[in-house]
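So here's one chain in two forms, each on its own in structure tokens, numbered structure 1 and structure 2.
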Structure 1
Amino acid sequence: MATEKIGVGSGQRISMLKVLNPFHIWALGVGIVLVGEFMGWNFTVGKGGAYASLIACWVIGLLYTCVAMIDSEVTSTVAAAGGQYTQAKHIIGPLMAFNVGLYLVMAYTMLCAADALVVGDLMKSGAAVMGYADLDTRPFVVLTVAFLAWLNYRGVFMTLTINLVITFLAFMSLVVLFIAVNPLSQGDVLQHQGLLTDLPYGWIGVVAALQFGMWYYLGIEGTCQAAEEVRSAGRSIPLGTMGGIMTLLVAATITWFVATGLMPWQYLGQAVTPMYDAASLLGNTNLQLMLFMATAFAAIASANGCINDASRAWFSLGRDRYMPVFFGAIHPRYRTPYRSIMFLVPIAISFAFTGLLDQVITFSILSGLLGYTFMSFNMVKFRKMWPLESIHRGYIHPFHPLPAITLFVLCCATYFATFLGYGASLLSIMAFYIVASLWFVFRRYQYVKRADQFTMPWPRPKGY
């Protein structure tokens, strides 16, 4: 069982609790992502039109299938808090690991901020329906993040059990909405013939849509962060992750079908809460209330999972001295990385207060994308340095190296998609990671204990 120091120099050693099962892993992965079906995915429609959004949904679905396959193998073998960060440390090296840790923290913290923004906007919409215009969203943003941080502080089992319940309810609301629009009878409720248009930007719009296509699935790889807290990593991580990606493929397709049959693409492409808007168009108060609750549940589940994952990545960086060692502490009673949780709360709130939903989402998406690019060559190196028979793997993914190559090609296409329309953001975020890398190499690395960076009971890697 992995052990961690409670605090700097305390000398007392303590471990995180191994209490989670495959359903919790499913809830962690799908819980983070499902909010993407309620908001954010629709920006694909704005970048390329309705059909471009559907193509992006499936192409990026392929990207995430590769991510899930690769993650399942590597995480079931490197079962430690920090997920991909710990993998990078053992397979590529400290600078890569530092960057991967930052990708995770930034992707999840920004996603948490976006979730809190959505909860605030949703409350504003609900208040407007009840006759209270211009509700201040900020108290709801603070309340959401603070409550979830408290939940995370108190323990992982309760946190993810709540996620399991509200994620399931949110997913079922999409199924109910799908049935309610009478999907087999075109023209009755759904108006695809009248609303679907040709590609408004041509095929370049389809490529551009890949950027926000990631929002359909962004965060599923977060299942790895719980690797140190599951009872059986070799069983729970692949089952929970692959089950999660299948759930999301179904949910994404349902979402696209319902929304594009109800709203003109120009509206849909800029809506903040499109599924709530879809329910409002049906004129059924019960459905409207259900989607209001479901959107709130999805955003809360996502923010909850994000706090869980971002804090574990930040904790891992602190534990290994890549960040100040103060953050590498576990609560003696609740067994949670409490200092990391508390540190990230004001950051998430301040990002949410900027109100820049698309900018925050782009930061989150790009951080995720950089992490997926890492995963493609990480997988190839992992198989080369430790061939199949050399170490025990909890799960071996088929068709290697096809998933790694496919992932790399799709990542390149998504960088280009981000360049189309968000080129300045892309360069600005790259500048952040470049400056942070230089800072790590020239300042921070002096505090890192070299041999402590390799903790797995594996033989010496081939070629080293």
Structure 2
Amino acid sequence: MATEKIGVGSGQRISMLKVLNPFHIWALGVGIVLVGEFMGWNFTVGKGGAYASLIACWVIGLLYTCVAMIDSEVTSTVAAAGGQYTQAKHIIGPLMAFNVGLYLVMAYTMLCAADALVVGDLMKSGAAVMGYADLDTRPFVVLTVAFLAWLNYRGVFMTLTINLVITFLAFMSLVVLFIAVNPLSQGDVLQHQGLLTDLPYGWIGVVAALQFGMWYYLGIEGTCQAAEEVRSAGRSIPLGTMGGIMTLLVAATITWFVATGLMPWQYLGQAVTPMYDAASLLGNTNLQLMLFMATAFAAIASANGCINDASRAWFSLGRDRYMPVFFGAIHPRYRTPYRSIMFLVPIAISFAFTGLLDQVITFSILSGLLGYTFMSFNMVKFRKMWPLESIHRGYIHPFHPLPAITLFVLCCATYFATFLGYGASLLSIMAFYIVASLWFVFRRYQYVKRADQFTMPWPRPKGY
């Protein structure tokens, strides 16, 4: 196995194993996101009604399709752990790279905390059915994060193979539910004609719904974090990412169609577990049990993928000295960034223990949104610095620069939507990243060796 010098006199570091294929990439991307089809997306209904939710589903679906196309091109070319952070490091510069790395770590760590909260709440709901109404959820939060951290510690192949199985089962539960409501016969089970109303809050409700519309797809960009561990980045990243976004578009549309045909928008907009509620309305005990288990599987798969992605981003920051080099270590046996994995565990648990699910989700959404905004500029500069004929690309996304422009416009609209509902959170998160940037410039940048960061064998950028 190839080795490389750490560069600080502390010996050698073993590289991560290249063991993943396109199915693992699909499992990583879809696994993180699919929990949003079981809960969270329905807050779009509360913001603007059922039709606003559908518009948000497709508009934000377009945003994430642009994200998937851009990521597929750049990551299949810049194939290294860190994903968007590594892209920023090569294409824009250190300060942008530090911020993008921090966006990734915070987005996935917050999402992991939210997933652990969901698992705890599910266990409490199940216990209440059996007569234990006062069950403490905190042990389940700790157990979930600790077990998944151990799984990630032991190896990426086993971690993402498990994700593949439980993600597929969770997705198929949505398909089974769709078939169970007899979708071709309106009025037998589904009652869209009676339940669907006009936009109750007008078009401003549609705009407000864009914020939680991200919950349908948030995290698909995490496929980039596995770029250093796939057998063929030029094949696996595009296939897994584009296949993932297509899967999620189907799942999101099924979810909306079933839920809005069974529940009035006033209830659906504030439901905690809408798809489980939908199964309960059908009066089929087996279907209820299936959706309960599928919701748990989706939350566990999401938390599992989040630990994987957050640790790779934090590892990359450590390897390049943007954070202490201590975190840039690989386990000699399991070939995983074990120090980064263990470091992020107490942080995720601490945020989960706050119990502030909406605030944790908002922090995750906004951190992701900042990363998507960067991608629109990054793609334009990437094509300008290294035109198509100058370097080999594993995938070339079509219609450039239209996807980058579309992505930027939709990001701006989503910022406005977030400001309408969580203005204080938006401003506080922006302040946090500004303070972090100042810390990097004045305290951490002195340790960064710029010449060691450019690992791609590319020609000199055009115009330089």
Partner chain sequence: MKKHYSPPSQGIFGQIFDSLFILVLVYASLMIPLLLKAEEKAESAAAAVQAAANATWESLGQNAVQQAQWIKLGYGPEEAAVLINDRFDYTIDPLMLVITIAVIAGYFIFMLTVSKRQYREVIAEKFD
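Structure 1's sequence is the ruler for residue numbers, which start at 1. This one's a predicted model, so the numbers in the text were calculated from it and none came from an experiment. We call the rigid core whatever largest set of C-alpha positions still superposes within 1.5 Å between the two forms.
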For this pair of chain forms, which number matches the form predicted on its own? 2
Is there a C-alpha shift of 2 Å or more at T197 between the two structures once the rigid core is superposed? yes
